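Taking the form predicted alone, here's one chain by itself in structure tokens.
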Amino acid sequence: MTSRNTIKIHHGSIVCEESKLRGDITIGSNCIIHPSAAIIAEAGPIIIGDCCLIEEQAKIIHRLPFDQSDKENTPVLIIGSHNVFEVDCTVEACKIGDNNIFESKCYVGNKLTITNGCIIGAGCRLTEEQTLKDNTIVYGRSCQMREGLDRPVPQTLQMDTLSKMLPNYHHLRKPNKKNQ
């Protein structure tokens, strides 16, 4: 870990030592970060809310848009609570609310704002500048959108299982922040 990395892990989170964490990152309580997940804070700090699940090979990257030259006013990337980042997704959104699911192999560009309760379907690519309304579901080859009736259900059963299994098979980073 280099001196420019500032990793803060709140109590109750399971962060595998093999995960790639670079930059100023704060991880909320009861999060699970798999080995080979990558969280890269190039443009500024990333704050991850409570109870987020970041699976294998998922990438969360906070970088400046190519057309933004004002590097001093880059906002903090705030990720809400109860979000799921499934296997091999890449998320560069400028803001992420609560209760969202980013399915396998989806791509979310850095000009998007994801509100609450959204599902980005497997393999969908979103690159246009936009803000997704609450409960938006993006699906299909052409990234069709519709409004969902309810927010996605939290992945509590999966999180409970992983919190028991991951410590048995992986070295973990120790929490360094107490709940406040």
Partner chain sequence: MSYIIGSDVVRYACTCGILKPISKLYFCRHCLEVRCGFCVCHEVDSHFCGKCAENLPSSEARLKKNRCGNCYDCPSCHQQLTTRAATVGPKNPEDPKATPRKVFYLLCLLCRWSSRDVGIPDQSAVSGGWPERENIHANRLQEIQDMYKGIVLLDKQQKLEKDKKKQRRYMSFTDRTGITASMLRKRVGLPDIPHPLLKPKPKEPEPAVAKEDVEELPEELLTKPVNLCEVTTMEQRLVQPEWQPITVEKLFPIHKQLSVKRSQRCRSCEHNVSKPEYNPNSIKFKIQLFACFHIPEVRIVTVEPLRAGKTCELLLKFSNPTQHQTVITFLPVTLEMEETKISEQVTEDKSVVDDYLLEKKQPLSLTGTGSQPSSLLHASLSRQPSITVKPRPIAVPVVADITIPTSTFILPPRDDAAEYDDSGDTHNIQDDSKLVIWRKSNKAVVKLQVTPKEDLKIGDEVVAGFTMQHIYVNTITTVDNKEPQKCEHKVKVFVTLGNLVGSE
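Residue numbers count along the first chain shown, from 1. Treat the numbers as computed from the prediction; the structure is a model and nothing was measured.
Omitted from view is the form predicted in complex with the partner chain, to which the following refers.
**Student:** Which one of Ile46, Cys51, Ala37, Ile119 is close to the partner chain in the model of the complex, taking close to mean a heavy atom within 4.5 Å?
**Tutor:** It is Ile119.
**Student:** Looking at 133-141, 22-30, 37-45, 52-60, which one sits within 4.5 Å of the partner chain in the model of the complex if you count heavy atoms only?
**Tutor:** Of the options given, it is 133-141.
**Student:** Please tell me whether any heavy atom belonging to Ile101 falls inside 4.5 Å of a heavy atom of the partner chain, as the geometry stands in the model of the complex.
**Tutor:** Yes, Ile101 lies within 4.5 Å of the partner chain in the model of the complex.
**Student:** Using a 4.5 Å heavy atom cut-off, state whether Leu64 contacts the partner chain in the model of the complex.
**Tutor:** Looking in the model of the complex, residue contacts with the partner chain do not include Leu64, since no heavy atom lies within 4.5 Å.
**Student:** Can you list, in sequence order, the residues from 144-160 that come within 4.5 Å of the partner chain in the model of the complex, counting heavy atoms only?
**Tutor:** Residues within 4.5 Å: Met145, Arg146, Glu147, Leu149.
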